[in-house]
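Just the one chain here, the form predicted on its own, laid out as structure tokens.
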Amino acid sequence: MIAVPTTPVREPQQDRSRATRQRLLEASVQAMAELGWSGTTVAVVAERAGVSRGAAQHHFPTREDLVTGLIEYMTEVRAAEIETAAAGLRSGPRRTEQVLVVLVGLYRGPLFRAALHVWTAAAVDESLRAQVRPLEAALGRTAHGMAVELLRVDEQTPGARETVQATLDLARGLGLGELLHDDTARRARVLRQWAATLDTVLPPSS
């Protein structure tokens, strides 16, 4: 029997391009979290992603373009993570505390460390700040919307919106505190107390 040679199935160019962009974004998170702003260049990200510098520059011609893509990517990843975590939340007397643990997760790990390096660089670079500010605002709106949904808050109640924002500010502060040392025990106590406060002051949405 004569073997008939088969033609390998080629991945469509659009799919290859999308996969390359995904690898670059994942590599940019790792690089930014580990190396900071000064160490994260398109060349470094390309090397970590295992693609040519030319391919990287096709997607992100400059580091500023890379940062824009990075922040948008972080927003998408966080939204997906929160959606997955929300599916596992159980109703009951400690649900609010479970939600707070999920929200604190927004400000932990490589994604948060990468974002922190970007914010720090933007604080002293006016052109970068102008680029980052609207993206950061969009990220903040996404986080706020997630918190409102997970906490089941009626934002028509006076003070409810501000309380939700205070919750996110608290979560960010706890995330910052964990960067330098293990803050697990104190964080658990703070979240337990804040959950009890929220259950008292935030009426649920109808």
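Don't overthink the numbering: it's just position in the shown sequence, from 1. In this text the structure is predicted, and so the values were computed from the model without any measurement.
Another form, the form predicted in complex with a further copy of the same chain, is not on view; read the next lines as being about it.
- Only one of E34, E149, E47, E64 lies close to a further copy of the same chain in the model of the complex, with a heavy atom inside 4.5 Å, and it is E34.
- For the three residues T163, D169 and L180, a heavy atom within 4.5 Å of a further copy of the same chain turns up in the model of the complex in every case.
- Using a 4.5 Å cutoff between non-hydrogen atoms, L176 counts as a contact of a further copy of the same chain in the model of the complex.
- Though the partner is left out of this view, G159 does reach within 4.5 Å of a further copy of the same chain in the model of the complex, counting heavy atoms only.
- The closest heavy atom approach of R95 to a further copy of the same chain in the model of the complex falls outside 4.5 Å.
- With a 4.5 Å cutoff on heavy atoms, R186 counts as touching a further copy of the same chain in the model of the complex.
- Within 4.5 angstroms of a further copy of the same chain in the model of the complex, the stretch 128-165 places a non-hydrogen atom from each of R129, V132, R133, E136, A137, G159, E162, T163, Q165, taken in sequence order.
- Note: the CA-CA distance for I71 and A147 expands in the model of the complex relative to this form, by 3 angstroms or more.
- Annotation: E126/T75 CA-CA distance shorter in the model of the complex than in the displayed model, change of at least 3 Å.
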